[in-house]
Ligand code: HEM
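Have a look below at one chain only, the form predicted alone, in structure tokens format.
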Amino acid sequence: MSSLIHNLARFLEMNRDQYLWHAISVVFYWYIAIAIHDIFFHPLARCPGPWISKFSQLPNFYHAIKGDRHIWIWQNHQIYGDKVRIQPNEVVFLAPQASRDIYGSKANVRRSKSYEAWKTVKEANTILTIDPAAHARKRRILNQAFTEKSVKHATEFVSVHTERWIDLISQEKDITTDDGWTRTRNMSDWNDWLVFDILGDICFGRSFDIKEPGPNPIRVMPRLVIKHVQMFYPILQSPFMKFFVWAKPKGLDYLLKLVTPQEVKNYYKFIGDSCKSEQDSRLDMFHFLCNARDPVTNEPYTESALRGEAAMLIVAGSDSTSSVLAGFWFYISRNERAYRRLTDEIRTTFTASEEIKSGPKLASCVYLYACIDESLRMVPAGPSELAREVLAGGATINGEHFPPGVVVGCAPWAMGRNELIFGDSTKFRPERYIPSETTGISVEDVSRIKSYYNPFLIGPGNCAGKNIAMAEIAIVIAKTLFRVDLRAVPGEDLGAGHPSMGWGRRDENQYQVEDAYITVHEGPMLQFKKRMV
């Protein structure tokens, strides 16, 4: 006892510098102990991966800041195989069975903690709800807004906006060459403007009108959404993620609102006004959301939940469609054979642009949908993994058991470039989705690649708006290629790979994107010329 008292007295007599040194020592040895545990005793200790990632999140954080995290994950799969430990507590997979085990309806997982950091309203929307039971309840209600009836009405708005968009990108006053080609268009911008206007009309019965000429404060919204996720994404892939989630309801959310740009506030005001306004007889998506009820409890959306779902519809819907369209324009403008086959199919199937709408005739355009599937593979809406946390009882993934608390996932960018599944995985080859004796592709071959790669996910977390998204993409492409010719601008390579960009990004025929949870993209630069029908 006297020895203990003596040591305590010595501790109390230390000066400030000595206290600081002891504190630093404690923290240092604490992290050394954690590192030793993570390297040798963690449940993922035997998983292959970069050595530093066994005990540190810094490589993951670094590549999230750079925007090339999807490339880094792909590189690690090339080095270490189907299973890679990319963080001390996270492993990503490439094997076909792994995706079904993680995202399937029977998977014993939930969304990871990082999803909570994206919340902007009091009640999380369906995508950001991590509790499986709460997510299932929200999804039951949300599904009622994506029925066959709602899809049919939505595509009518898509057609109107697409026709106007084509008028704008091919207008005569912008013709700059003697043979009728327009001035250069950055298709990432033009895609964003079109899709935002479509979604505003589909969801709320009011277009943002950002594709129209003239000043419009909402026109910067697509870019601000990108800046928003680019700012938050590295935080969620950093050692500070848990602190960030903890701090948001304790004052951080208030500070973030103070620095929110006015354009973003205008956007949320637009959504709020739509939520409060009386709904007329027009059957837009918001009409279906307002009238949706939980089939089990008969409860509708609360106002807070309605705001959250409304914001989610715009952001999730615009990013996925715009990125896939950007990838499609890039690849189709650089593949003459595919371009000719697709334009021939569209222009022989339809005799007028007004005929192009959802239905059997559009569905008969086999090569069109093969091009869309190939674009979804080459340019996924989210290039890196949608992280899932293993729940109590553990989970068996690709034949291996993983304990509760481990984070798992599959990265679409890496999956879409799996040479064991796709062979020439870096080539834009829509024919891989079409059974044919000429090409030697069987029905089984097509089924195998489609069961492996699911751009809209599977199971309870699959995309509720898949049918609308596919119809929207098909109508935009078909109407555009029916009415106009297009070409890549000679000498312009915005969005293309380059030898200086490093491993995985050197190919000039590959469309390159940045990873910020969503897919951030630029280009391609195209010109248009009206068809003489």
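Keep in mind the model is a prediction, meaning the values are calculated, not measured. In this text, residue numbers run from 1 along the sequence as written.
Keep in mind that the form predicted in complex with the named molecule is missing from the display, and what follows is about it.
The contact residue chosen from F232, Y115, Y452, W181 relative to the named molecule in the predicted bound form is Y115, the criterion being a non-hydrogen atom within 4.5 angstroms. Proximity to the named molecule in the predicted bound form, defined as a heavy atom within 4.5 Å, holds among A411, L194, L313, I102 only for L313. At the 4.5 Å threshold, heavy atoms of A464 reach the named molecule in the predicted bound form.
Of the heavy atoms in I86, none are within 4.5 Å of the named molecule in the predicted bound form. Among residues of the shown chain, G317 is one whose heavy atoms approach the named molecule to within 4.5 Å in the predicted bound form. Proximity of Y367 to the named molecule in the predicted bound form falls outside the 4.5 Å heavy atom cutoff. Of the candidate stretches 332 to 340, 221 to 229, 141 to 149, 395 to 403, only 141 to 149 has residues with heavy atoms within 4.5 Å of the named molecule in the predicted bound form. With respect to the named molecule in the predicted bound form, the three residues V324, L457 and P460 uniformly fall within 4.5 angstroms at the level of their nearest heavy atom. Applying a 4.5 Å heavy atom cutoff to the named molecule in the predicted bound form picks out L386, R388 from 385 to 401, in order along the sequence.
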